[in-house]
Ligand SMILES: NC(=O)c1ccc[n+]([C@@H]2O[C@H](COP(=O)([O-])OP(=O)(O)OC[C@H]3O[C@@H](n4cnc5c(N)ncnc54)[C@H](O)[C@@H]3O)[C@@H](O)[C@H]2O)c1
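As a starting point, one isolated chain is supplied in structure tokens, in the form predicted alone.
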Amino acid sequence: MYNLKGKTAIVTGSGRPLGIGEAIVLRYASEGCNVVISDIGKSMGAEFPSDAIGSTLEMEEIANKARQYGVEAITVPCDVRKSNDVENLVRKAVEAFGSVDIFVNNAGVGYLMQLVTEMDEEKWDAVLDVNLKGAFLGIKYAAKQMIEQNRGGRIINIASQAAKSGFPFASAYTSSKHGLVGLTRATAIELAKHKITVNAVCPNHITTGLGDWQNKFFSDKLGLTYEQYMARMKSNIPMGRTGLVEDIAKACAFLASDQADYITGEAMNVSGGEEMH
């Protein structure tokens, strides 16, 4: 246990049931941390369909789970592509809890995939706007609040194995996650004097709802059955299994704790040994 009692954490993209964001929220709640659950809240066109976003109802269901740990939880819909929305997200957290101590940039788009020769500009823009611009805005407004509080803070960016290696059909996603590691490193240097650490967590594949879609997509593109594709994936992982959402939540709990106060600018692999650089 890392004892985050009395602190406040915001987790973007945390409204999907059984997703990475939910796992991070519930782990923080179990550590005594008040939590802000945030997601886009409603479908917004072809790039953001209802089955790919966290709805306001799902956000509230996750908040109720968090409250069972005896902490406070609120929900704030937020489109991370929009500066006003992200600024409002931070403001709502401060109004509710008095501070922002931990900010996790978890919102991401990993379902708009095409060969680069076929990639639509609208899809490219949607991926980069959420995965990279959204993280930039999260860092900007979280850091401004943390600097004003003058007691440090933790910013954690959920990157990917795709931040270290390339994958077919994922030029936009891979570019955004490589960029996110660069953003992590640059802002870690800028914010260190304020005792604000900035780190990235790089999961390999995790079969969430999105992960299941990715499994079906890639197995089809590779001419494999779903079972063959999963077996091949596991064979590439030294620990013999794909990741769990709890694996990522554990890393986020550690990076948010006092035990990680001398760690900044890192891109931590959480991949069962599949990614080692």
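The first residue of the sequence shown is number 1, and the count goes up from there. Computed from a prediction, not measured in an experiment: that's the story for all the values here.
Although it is not shown, the form predicted together with the ligand is what the next lines describe.
Only one segment in the set 65 to 73, 221 to 229, 28 to 36, 52 to 60 has residues whose heavy atoms sit within 4.5 Å of the ligand in the model of the complex; it is 52 to 60. Using a 4.5 angstroms threshold between heavy atoms, V109 counts as touching the ligand in the model of the complex. Contact between I20 and the ligand in the model of the complex is found at the 4.5 Å heavy atom cutoff. Remark: I196 does not count among the residues lining the ligand in the model of the complex, judged by a heavy atom distance of 4.5 Å or less. A residue is said to contact a partner when one of its heavy atoms sits within 4.5 Å of a partner heavy atom; N204 meets this definition for the ligand in the model of the complex. Contact with the ligand in the model of the complex holds for none of L4, G153 and K250, as no heavy atom of theirs lies within 4.5 Å. Think of it this way: in the model of the complex, the ligand has a heavy atom of just one of V130, I139, V100, A200 within 4.5 Å, and the residue is V130. Proximity to the ligand in the model of the complex, defined as a heavy atom within 4.5 Å, singles out one entry of A93, A172, M146, C78, which is C78. In the model of the complex, the residues of 156 to 195 lying within 4.5 Å of the ligand by at least one heavy atom are, in order, I158, A159, S160, Y173, K177.
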